[in-house]
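Presented as structure tokens, the chain that follows is alone, the form predicted on its own.
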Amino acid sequence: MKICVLPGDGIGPEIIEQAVRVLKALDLKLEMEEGLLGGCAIDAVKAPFPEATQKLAKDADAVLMGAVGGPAWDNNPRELRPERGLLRIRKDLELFANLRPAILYPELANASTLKPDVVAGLDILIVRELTGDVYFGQPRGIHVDPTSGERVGINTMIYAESEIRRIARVAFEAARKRNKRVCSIDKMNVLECTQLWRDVVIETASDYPDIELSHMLVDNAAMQLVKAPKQFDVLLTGNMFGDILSDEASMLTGSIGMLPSASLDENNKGLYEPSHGSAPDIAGQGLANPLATILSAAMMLRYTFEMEDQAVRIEDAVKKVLARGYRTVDIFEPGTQKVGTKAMGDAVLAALG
């Protein structure tokens, strides 16, 4: 089983190191090889997604990634920004389905900015389409209007019904393993593209009579996530709406440092990464929370390698660590034990038994 490991930028190498340690402790037959992606790749070879990394990722069965980006590259030309590498690897590997669970561990109820009674027991799965929408639609760019002389920025929101149908099926299949409810998010009252989204989701739902389907406009969904988040089971969204809503949902859990994610192709080959960014302000200080990356490794074992027992073993170890009071700075509260990145990794390893 070949894993392409992409530590990336900022805190990426620190958190990836702990996830790799956990995987190695399971004594599985895993072959791991590192590559460059993002800012580190720009610095090394002047490309955010080098050819060597492209080959490494395509030849691997799964990709485990840290984080990319940072202010050091903000003034680069757009094609030489770290995020272009991330978008390209998603497109290159045809990773169209992004799964982001938002689970509140009981021990972290007070770490959420919402009242414990609002978020206690929270367990949401956000299914986000990842290779369409305004992030990839054409035409795009900035040009000068020949009539007015003004600069005009253009991005195109576009979805083909086949793209909508395949991500809807992912959401419905996921709901079958959960509480059998899907809420599809759109903005059909003003955007024709998302009217098609709603129409195709309704059509696809006819193949899943056991699943309860509802719909919600994205602005209302953003409000409901902080008002009554436990009403949701599986949220189905397009690329841009999903990008925003999944980050919002992450804060319900107390810290974005707790949220893993999986980006899958049609055969469940996936790129696994924490939902948070590269946090350059704390990079190299040993403060970063590695749990989201460790939980991403668990998702990799579950979805790509179909090792449910080993995935649960990692997840149970994380639960034990939290129950024993270990906390990185982002989830620390009085009465718990503050630890750094490596110490948190040590605690998970000890909990694996």
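Everything numeric in this text was worked out from a predicted model, so none of it was measured. The first residue of the shown sequence is 1; numbering continues from there.
There is another form of this protein, the form predicted together with a small molecule, and it is not shown here; the text below is about that form.
Proximity of Tyr105 to the small molecule in the predicted bound form: non-hydrogen atoms within 4.5 Å are absent; the residue sits far from the partner. At the 4.5 Å threshold, heavy atoms of Leu86 reach the small molecule in the predicted bound form.
For the chain shown alone, Tyr208 is not a contact residue for the small molecule in the predicted bound form, no non-hydrogen atom being within 4.5 angstroms.
Asp243 belongs to the set of residues with a heavy atom inside 4.5 Å of the small molecule in the predicted bound form.
Taken together, Tyr159, Arg165 and Lys187 are entirely out of contact with the small molecule in the predicted bound form: none brings a heavy atom within 4.5 Å. With the small molecule omitted here, the record of contacts in the predicted bound form names 128 to 136 of 73 to 81, 128 to 136, 112 to 120, 142 to 150, defined by a heavy atom within 4.5 Å.
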